[in-house]
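What follows are structure tokens for two forms of the same protein chain, given separately as structure 1 and structure 2.
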Structure 1
Amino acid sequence: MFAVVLVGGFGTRLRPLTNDIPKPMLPVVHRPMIVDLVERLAVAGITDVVLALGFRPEPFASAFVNQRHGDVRIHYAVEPEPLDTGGAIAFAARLAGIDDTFVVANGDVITDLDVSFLINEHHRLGTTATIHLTPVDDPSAFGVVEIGAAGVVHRFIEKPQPGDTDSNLINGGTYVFEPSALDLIKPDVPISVERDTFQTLVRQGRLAGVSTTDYWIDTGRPEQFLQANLDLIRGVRGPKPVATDPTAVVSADAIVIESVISAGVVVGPGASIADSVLLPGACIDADADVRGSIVAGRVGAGATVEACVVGSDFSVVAGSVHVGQRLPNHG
């Protein structure tokens, strides 16, 4: 069975982290998100994953040597220009010759959803497309779904305005599609699956939704990316992995509290790291204080960095204080 994974977004909301690394290749506790996703799809019986990209595939090659991951074959579908979510699904599916029921997944979602359950529900409901739904407190940044008793989607509202809907069930970004859904997507033009294809399927009564309460997070914004990391090392999601990579050099008198310290990271004497993610390449100088932040660059001696994102090419000046900033700030 095939899955199309959407990985072609620009990761704008995670800049500067996504300046050199596509969002799905960012590591969550030492493993690129996309690897976690491919393994979850494999468990559900997916044999072939087509990565739908709007740009160069090279960054993904390091995660998938020989275009394989375990028993799963990895294919690349590089759009000549970004085709938006619907256009990308159709482009990838046509290129790969998909002609049977297939799975689609947003590449920036981390979830414990049992994808085989979604596939079974799709067949039981007998619809053209079935989307995974998850409840959230604030649905405004998502596709919000109103659903009827038999699982049929009555309304799909992408990024609703306040007052548009009372539903707190959102599109979780994992779908099961019949190939006939592709007939609704014109080739080679940008089309949003959420604003276009799903709207047509709703009007025709051919879109179903299946809600679960599995762990679910969209890592598109820095706070969520940080949360996804901290949830793992705090044991909120599954068994706790090792938070500090053995190749990191952490000074004996540095203080590290509930943080991810990636391979090769250096933490100097007297530094304090709390509720943070230090990505590969990060360097924290002596007596620096890093809290609630994601750091890929350098934090100078004695500097304070709180609720910040520090890009790989940035050095925080020694002794300076930064709160709630992106460094550098790309606007």
Structure 2
Amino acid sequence: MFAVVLVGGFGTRLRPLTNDIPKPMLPVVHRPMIVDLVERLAVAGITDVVLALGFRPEPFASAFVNQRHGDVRIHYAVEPEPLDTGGAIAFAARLAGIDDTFVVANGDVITDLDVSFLINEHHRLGTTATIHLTPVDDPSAFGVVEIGAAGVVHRFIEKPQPGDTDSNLINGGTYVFEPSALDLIKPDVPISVERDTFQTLVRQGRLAGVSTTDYWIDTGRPEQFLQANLDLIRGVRGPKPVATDPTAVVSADAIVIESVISAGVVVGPGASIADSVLLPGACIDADADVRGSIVAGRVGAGATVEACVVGSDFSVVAGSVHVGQRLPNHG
């Protein structure tokens, strides 16, 4: 069984972290997000994963040597031009010759959804496409989905105001498609699956929704990416992994509180790290203070960074103070 994974975005909301690495290759506690997703798909019986790309596939080579991961074959579908989400799905599916039921997943969503359950529900409901739905406390920042008793989607409501809907279910970014859904997407034309394809299927009564309460987070923004890392080491989802990579060098008198310390990181004497993620190769000099931040570059001696994102090519000046910034600033 095939899955198409959407990894073609430029990750602009996560800059500067994505200046030199695709968003799905960013690690969540030492493992690239895309690897976790492929393994979860494999458990559901997926044998072939097609990465729908808007750029060259080489950055993924380190994760998928010989275009394989375990028993899963990895394929690359590089769009000749941006085709939006629907166009990317159709391009990848046609290139791979998909002619049976297949899964679609957003590469920047982390969830414990049982994909095999979603597939089984799709077959039980007998629709053209089925989308995973997840409840949120405040749906006003999302596109909300209303479903009927039989699971058929009635309508999408973008960023609803109070009173617009009783639903708190949003699109969870994992779908099951019949190949006939591709008939709604013209070749080589930019089309949004959310705004166009799904809306057509709703009007035709051919779109179902399945809601679960599994762990779910969209890592598209820095605060969400940070949260996904911290949730794992705090035991919010799954068994707690080792938060500090064995290749990291952490001074004996440094203070590290609920933080991820990645491969090759150096933490100097007297430094303090709390509720943060230090990405591979980061360097925290003596007496620096890092709180609630993501650091890929260097924090100079005695500097303070709080609620910041520090790119791999940036060095925070010794003794300086930064709060709520992206360094370097990309506007």
Ligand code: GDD
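We call the rigid core whatever largest set of C-alpha positions still superposes within 1.5 Å between the two forms. Start at 1 and count along the sequence of structure 1; that gives the residue numbers used here. All values reported here derive from a predicted model rather than from experimental measurement.
- The form predicted alone corresponds to structure 2, not structure 1.
- Core-superposed comparison between structures 1 and 2: the CA of residue 119 stays below a 2 Å shift.
- Superposition on the rigid core between structures 1 and 2 places the CA atom of residue 143 2 Å or more away from its counterpart.
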